[in-house]
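Next comes just one chain, in structure tokens: the form predicted on its own.
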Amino acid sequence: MATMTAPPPTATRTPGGAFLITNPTPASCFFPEDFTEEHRAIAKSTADFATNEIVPHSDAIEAKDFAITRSLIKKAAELGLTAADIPEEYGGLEMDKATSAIIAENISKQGSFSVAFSAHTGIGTLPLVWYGTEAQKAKYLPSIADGSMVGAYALSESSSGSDAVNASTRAVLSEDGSTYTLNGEKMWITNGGFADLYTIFAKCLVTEGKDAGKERLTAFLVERGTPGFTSGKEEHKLGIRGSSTTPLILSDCKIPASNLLGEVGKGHHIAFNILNVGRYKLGNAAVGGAKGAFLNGLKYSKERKAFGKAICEFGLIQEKLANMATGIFVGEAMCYRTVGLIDQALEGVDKNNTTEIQKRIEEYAVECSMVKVWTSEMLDMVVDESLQIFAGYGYVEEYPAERAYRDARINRIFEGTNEINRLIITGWLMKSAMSGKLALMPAIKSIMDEVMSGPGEKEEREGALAAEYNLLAAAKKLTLFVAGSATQKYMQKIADEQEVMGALADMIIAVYTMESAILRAEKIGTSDSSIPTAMARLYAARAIETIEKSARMVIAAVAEGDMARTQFAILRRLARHDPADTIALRRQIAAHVIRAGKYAL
């Protein structure tokens, strides 16, 4: 594989969170239809490797034969799959973020291996790439790139899972400044039982600057075999049973001072920036997992006979197949739109300016969190429906639906729980609005003035997706209106109203996913008979229901009396639309995938 960079969709960079107040075009967004030939080749080689090399070893992987897992990581490295995010001078391929996302999607045919691989290539690699000294990079990155050394990331503790900065693990610098001594215990560490290099976070005393005299989160590099470092017993988990998950015990674990990663007291920057990348790549892995579960369910529905015909001929099975395929379509759209925004933002940035690279990626924290939340919940829907298609057989280990169902559940916890990510989505946008970084406040004021003045003229649109574009416009207005009402009610204390913050996040996510689906369908080419058009219509019908439901909940919480009646009237006016014939749309989509025998566009 050669180093490559996908061309940005447009010359103008789109700010993070701007989708609520702008109207992007299909040409300005990156979707799978924009993959280069190199992207497609990498997708195929990764998928072939997963099918031919990884899947046949599933039983050994699930039995925690980590020698197999390590050998497969080494084989993946020979194809360049572990080196996409590593600079060339350290043995990497330094590819665009779309490429690493494509690899994450296509490697995910075996859940346990996918988790081990993703931990190694993502959170196990990027802290060193972005924050390592030249000496640290030269020492470790070539071995990480070629798979001879496996990476891991240790942030969580038993008492500080989501509240990561509240770590109890401590690091103390020796009097002569030559070593740090670490004491504490980390929990739920992926690759914990067999990794070679760990990025470990601990509280450390800051001696300079505004935080001098305080203990702040700091990152360190710790090698397996260091005296005082041990990995504990393997956790026996509900799903991803073949991945290694252990505690790490640090008992007077002494490391060279040169193993400090980044700066003392700046570990939270490392933790949060790495998690943004982890979130969008998890989205791609979830899409890949959904494709596998969908294919299994579709194949079984064509083979299983009941009442004299294949069960895929029954309407309620077709409903499931259509919902699953549409979920995958929307997931692909939002995942690659997001990674396209990030690649666009990184265009022209000096590859050695890691501070600017992190800053550009962090700008899309909202999009990354939305990808993580929506795709993990979409995957849960797909594996659940796949198991239901298998019926009783789906509950039996010998059939593929059972393991997929168990493996999927962790994704709503990984990379920050979905509850935490919902708070990030709304909180980040509110903070950006209050600071003026994103022009949300003027947009909210404009919408509040518009809706309070009564019905206005509707923009007339044409084309197969005209109704959906109208729905999208209404959805944006309604989301901004409800956000404005909540902000007026709670002001700076809105962060304490988690239920309201979560409902607003659901509205924001629905806008982004609806827009992504519509724009992707239009890019592919719309017509009344187009499958992407049908999928966009079907999803838009679901998304507007989510937005209406969430809006009602927020308005009921923030308004009462005449004000509540006025706001509910505005809600009804903005959300008014002719319902789509979702039965016909699902039948159209189901007929297409049944004929194709797979998810195919």
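One-based numbering along the sequence shown. Everything quoted here is computed from the prediction, not taken from an experiment.
The form predicted together with a small molecule exists for this protein as well; it is not shown, and the discussion that follows is about that form.
Heavy atoms within 4.5 Å of the small molecule in the predicted bound form map, among the stretches 98-106, 506-514, 259-267, 405-413, onto 405-413 alone. Interface residue remark: L155 is counted as part of the site for the small molecule in the predicted bound form, having a heavy atom within 4.5 Å. Heavy atoms of A365 never reach within 4.5 Å of the small molecule in the predicted bound form, leaving it off the interface. Interface residue remark: K445 is not counted as part of the site for the small molecule in the predicted bound form, having no heavy atom within 4.5 Å.
Using a 4.5 angstroms limit between non-hydrogen atoms, K237 touches the small molecule in the predicted bound form. With the partner omitted from this view, the residue of I424, I189, L250, L519 that lies near the small molecule in the predicted bound form is I189 [heavy atom within 4.5 Å]. None of Q498, T207, S178, Q388 but one reaches within 4.5 angstroms of the small molecule in the predicted bound form through a heavy atom, and that residue is Q498.
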